[in-house]
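In the form predicted on its own, a lone chain appears below as structure tokens.
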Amino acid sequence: MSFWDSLLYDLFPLIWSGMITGCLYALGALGLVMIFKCSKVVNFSHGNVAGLTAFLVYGLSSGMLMSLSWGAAVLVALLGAIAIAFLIYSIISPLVFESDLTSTIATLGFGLIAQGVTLLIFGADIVALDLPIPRFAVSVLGLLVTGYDLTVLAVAVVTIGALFMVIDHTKLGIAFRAISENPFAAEVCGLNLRSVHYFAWITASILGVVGALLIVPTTFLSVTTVATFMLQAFAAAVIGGFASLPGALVGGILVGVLMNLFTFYVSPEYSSTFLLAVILVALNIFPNGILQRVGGSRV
């Protein structure tokens, strides 16, 4: 096989599928970054809470808990995710204003609680969660594009676009940016820090659910599936910079492509080791994120 044939049949498809998966990593990373930007908390419960809500969709749509339509099950799961995010922040909010480290450690506890609830209700079995995604494939310039690819791309573009529209063009978004830049000055100007924190935590939970539901069709649903997915999202947030929303988007796509290439050309067994190495390299070269500027980082 010639070099160009190798590019056509191996490299280009790997990059394309990596970009699609990277869009989902970006959704998870955006949630982590939103919470960190305004409340300075690294939310380690993000993956397990998203996993619990994904299982809730399964239970409500499969007949295990109820026999709802897929749309109704997703709506109930989103409401559940919002309620959980509201509850978690309500409990740790006193800690947020006292110690960033203590509140971050508290999220670890809530993550373990969410994982325990998932095991208690749904068990440790591996299940399949089928989503109503169009099943077709078309060839575009020799590249195979599936209905799943287009669905993920469309949902990611709409969701991320809506998020940036809210942040850039609404009073709530302006308040979010102000508190992210200088919470003390924002509070002096009359902004309610807790209200904006609630907005960030609830939005992050919705992004986590969307990403979790779309990653499941490529694998399976288990107690650790979504948490593992969020590990890649965490790496994307680190690479992009925990203070940069655009960086989270770039970091997600970069992690998706790099993981795909490493898994195919090297070995899937060492993918976690490779991911940690990428994080360490990124922290050393781009401590403020890959989109950092001279004299500061991109917001």
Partner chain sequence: MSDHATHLAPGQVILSRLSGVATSGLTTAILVAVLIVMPVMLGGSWIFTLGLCFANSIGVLAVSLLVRYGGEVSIGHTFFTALGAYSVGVLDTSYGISLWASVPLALLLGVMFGLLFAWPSRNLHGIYLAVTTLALALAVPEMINNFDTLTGGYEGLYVATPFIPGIEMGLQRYYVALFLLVLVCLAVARLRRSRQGMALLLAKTNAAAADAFGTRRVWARLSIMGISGGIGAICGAALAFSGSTVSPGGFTFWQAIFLLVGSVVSFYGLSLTRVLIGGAFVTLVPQLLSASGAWIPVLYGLALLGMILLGHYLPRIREMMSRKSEAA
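Residue numbers count along the first chain shown, from 1. Everything quoted here is computed from the prediction, not taken from an experiment.
If you look for the form predicted together with the partner chain, you will not find it shown, but the lines that follow are about it.
Remark: Ala73 does not count among the residues lining the partner chain in the predicted complex, judged by a heavy atom distance of 4.5 Å or less. None of the heavy atoms of Val140 is located within 4.5 Å of the partner chain in the predicted complex. Heavy atoms of Ala106 reach within 4.5 Å of the partner chain in the predicted complex, making it an interface residue. The partner chain is not shown here, but in the predicted complex it comes within 4.5 Å of a heavy atom of Tyr270. Residues of just one listed stretch (246-254, 51-59, 227-235, 64-72) have heavy atoms within 4.5 Å of the partner chain in the predicted complex: 227-235. Between the partner chain and the residues Leu79, Ile174, Met165, Ile91, the one pair within 4.5 Å by heavy atoms in the predicted complex involves Ile91.
Exactly one listed residue, out of Thr146, Thr159, Thr219, Gln115, brings a non-hydrogen atom to within 4.5 Å of the partner chain in the predicted complex: Gln115.
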